[in-house]
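In the form predicted on its own, a lone chain appears below as structure tokens.
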């Protein structure tokens, strides 16, 4: 256990962007709350109080989640490749640390540790922005941002999303690790070319788009499988009537049993485990570039 903790610490030492990027994003959002215009907030008074709070939490959380997804992808492509490029892999192979543990620590960093860092940054940013907007904006808007039950429900949704995303995107993360452990250069290009070539070949040979559809479902299908309702229906607006409807609580979105029982989840996890095994074998056999 201590070895795993030190390996994760190593990732923080070697990849300062893990904590610097969410800190910068949070700082920019806080500056926007401090010096930006709050005139738009006045229109929020026409919405129910809970709808305002939900929109606020979703907007901040979605911003951090989008940046986190991009950075995690880059991290997975670079983590094993950079070790071979700067030849630090020779040092780590001389240590009493197995390649299996090294690969697993990097996978855990991408799927668990980095999301938790962004989760903490999003929480702190939300609290500070809520306080600032409450002071600057009109009182009704400020009060709408402070629903304790809504804040607690949002925390549960964040943690649930981290858990389900780690399982759902396991095959993609493992594939990126395979590319990172195998490629000698242009890891980004090598990560894109194989699936793109398969999509084009299938289209030319069979006239179908099964691979493209499956990839699209894997990339965008988490809300459909992990939640009872689409996140887009969290706050729905009637264009003609200007009415807004929101669920009574956010717990209704959580569907862990349905997510784990879904065949797509099981097949994806099995494929991810197989690809992790490939990444470990490549790590064992490949040294410096």
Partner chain sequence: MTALIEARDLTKKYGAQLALDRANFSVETGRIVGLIGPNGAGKTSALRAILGLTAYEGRLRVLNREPFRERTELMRDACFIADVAVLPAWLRVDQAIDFVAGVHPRFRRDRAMALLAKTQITGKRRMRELSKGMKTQVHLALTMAIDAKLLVLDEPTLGLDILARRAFYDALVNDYMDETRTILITTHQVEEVENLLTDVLFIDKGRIVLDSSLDDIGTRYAAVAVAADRVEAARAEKPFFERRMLGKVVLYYEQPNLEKLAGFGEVHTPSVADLFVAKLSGAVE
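Computed from a prediction, not measured in an experiment: that's the story for all the values here. Numbering follows the first chain given and starts at 1.
Quick note: we don't show the form predicted together with the partner chain, though the next part is all about it.
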- Of the candidate stretches 198-206, 82-90, 122-130, 155-163, the one with residues having heavy atoms within 4.5 Å of the partner chain in the predicted complex is 82-90
- Query: Is there a non-hydrogen atom of residue 97 within 4.5 angstroms of a non-hydrogen atom of the partner chain in the predicted complex?
  - Reply: yes
- Contact check for 69, 261 and 266 against the partner chain in the predicted complex, heavy atom at 4.5 Å: no
